[in-house]
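Only one chain is shown below, in structure tokens, and it's the form predicted on its own.
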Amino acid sequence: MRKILIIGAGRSASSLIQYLLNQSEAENLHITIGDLSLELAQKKTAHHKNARAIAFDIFNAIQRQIEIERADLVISMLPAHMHIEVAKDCIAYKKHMVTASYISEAMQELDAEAKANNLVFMNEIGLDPGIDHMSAMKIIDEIREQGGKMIMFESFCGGLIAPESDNNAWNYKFTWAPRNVVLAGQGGAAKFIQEGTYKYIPYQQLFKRTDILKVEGYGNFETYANRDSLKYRSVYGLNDIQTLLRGTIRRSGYSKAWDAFVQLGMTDDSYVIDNSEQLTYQDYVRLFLPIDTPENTEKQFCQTIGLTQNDTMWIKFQELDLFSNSKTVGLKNATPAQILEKILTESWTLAPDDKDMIVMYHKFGYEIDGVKKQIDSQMVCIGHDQTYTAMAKTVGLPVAIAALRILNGQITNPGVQLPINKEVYIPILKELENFGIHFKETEVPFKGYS
């Protein structure tokens, strides 16, 4: 049997594992699922005869190398910074590798060795990055084949709560790593190009600069810019494009409220708060306010962020129990961001019956025969349950499909790469449609920058 090693059995691996197990009979596959939690790995195998669950420690070099040597292909669903040791072992034992993570500098440095060993190291084959690359390149290539010239590309994606589960004032719950949500936008200014002019939005201004995005059938959303859109000019072959912007999607009103946390300093992850475990939630909030008393904390909070308690946005903050004098932080040596994450997790964790939703939206502006045109492309995916979420589907299924196509010799281009070639994206996008992941493409009047 052909052997696949999956390292990491977390939330995003559910649909990936299910797909490969469902294909295992027809494709003669045996799947080893390794995770630090043996119980979690066993749960994901669902007692399938073609699966093996193991307790797997990525830092145990002997175990890691034994398991990689046994495999024909390795899928790493680990955090991005943990891929590199796996990748080096894959080079040593001549194994193909697939990840959903961005290509790091360390990974890119293995490109020559991967090519020399005729190995496919497919990266950025999840949702974002992944489906965004493939769906964008499909339209961009079609426009070029018609003789068109790209003049604008905007791309937005968001992990959200499905309408039927949207029951809080923020219209948001955690569908992915909460820490990433709390730290979103940090690490440098957002950079993009707008009608030929470079634009920069520093973190302190990011959530003030939003645009409206209307998604057919789902109403209005808002978008804010991602950190570095400019790097996609070379990735997509758009070096002379006039407008290029990538952004994150949230429901309308989210960013204005989130900006309050940013301005107060509650998303800061750079220092530790003394005696943090003993603080009540109200104590925590008061750390970031001018001198006040417990009796007027809510009023002082509103004054500091320029809000009145009659404002509809005030409900968002009340709902979080931010001002509770009975709930304690309970985290030692915690940063402001870590405490905020804990508070939000209590309110924003998906309930057992909740469903998540992925929204992806592209805008392609181009010129052909002297006429400016635009194509809008939208994808909405609703999760099934807490195991087979929309996030798990859109991250895991492209990984699984790519892995099987590599094993079957249908993806052959060696080296460290992302899925922007036709031999990769056309069949994967087509198969994803069978799982309800499909794009609706509409020609609209050219609007220019949104």
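Quick caveat, the model's predicted, so the values are computed rather than measured. Numbers follow the displayed sequence, beginning with 1. For clarity, a rigid core is taken as the largest C-alpha set superposing within 1.5 Å between two forms.
This next part talks about the form predicted in complex with a further copy of the same chain, which is not shown.
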Stretch in contact, per heavy atom within 4.5 angstroms of a further copy of the same chain in the predicted bound form, of 280 to 288, 108 to 116, 214 to 222, 169 to 177: 280 to 288
In the predicted bound form, the one of 373, 316, 191, 251 near a further copy of the same chain [non-hydrogen atom within 4.5 angstroms]: 191
Option touching a further copy of the same chain, based on a heavy atom within 4.5 Å in the predicted bound form, out of 262, 151, 307, 86: 262
4.5 Å heavy atom contact, residue 144 to a further copy of the same chain in the predicted bound form: no
Decide whether residue 274 counts as a contact residue for a further copy of the same chain in the predicted bound form under a heavy atom distance cut-off of 4.5 Å. yes
Looking at the partner-bound form in the predicted bound form, is residue 332 within 4.5 Å of a further copy of the same chain by any heavy atom? no
Contact with a further copy of the same chain in the predicted bound form for residue 199, defined as at least one heavy atom pair within 4.5 Å: yes or no? yes
Has each of 204, 209 and 268 got a heavy atom lying within 4.5 angstroms of a further copy of the same chain in the predicted bound form? yes
Aligning on the core only, does the CA of residue 305 end up 2 angstroms or more away between this form and the one not shown? yes
Rigid core superposed: residue 274 CA moves 2 Å or more between this form and the one not shown: yes
Once everything's superposed on the core, is residue 222 shifted 2 Å or more at the Cα between this form and the one not shown? no
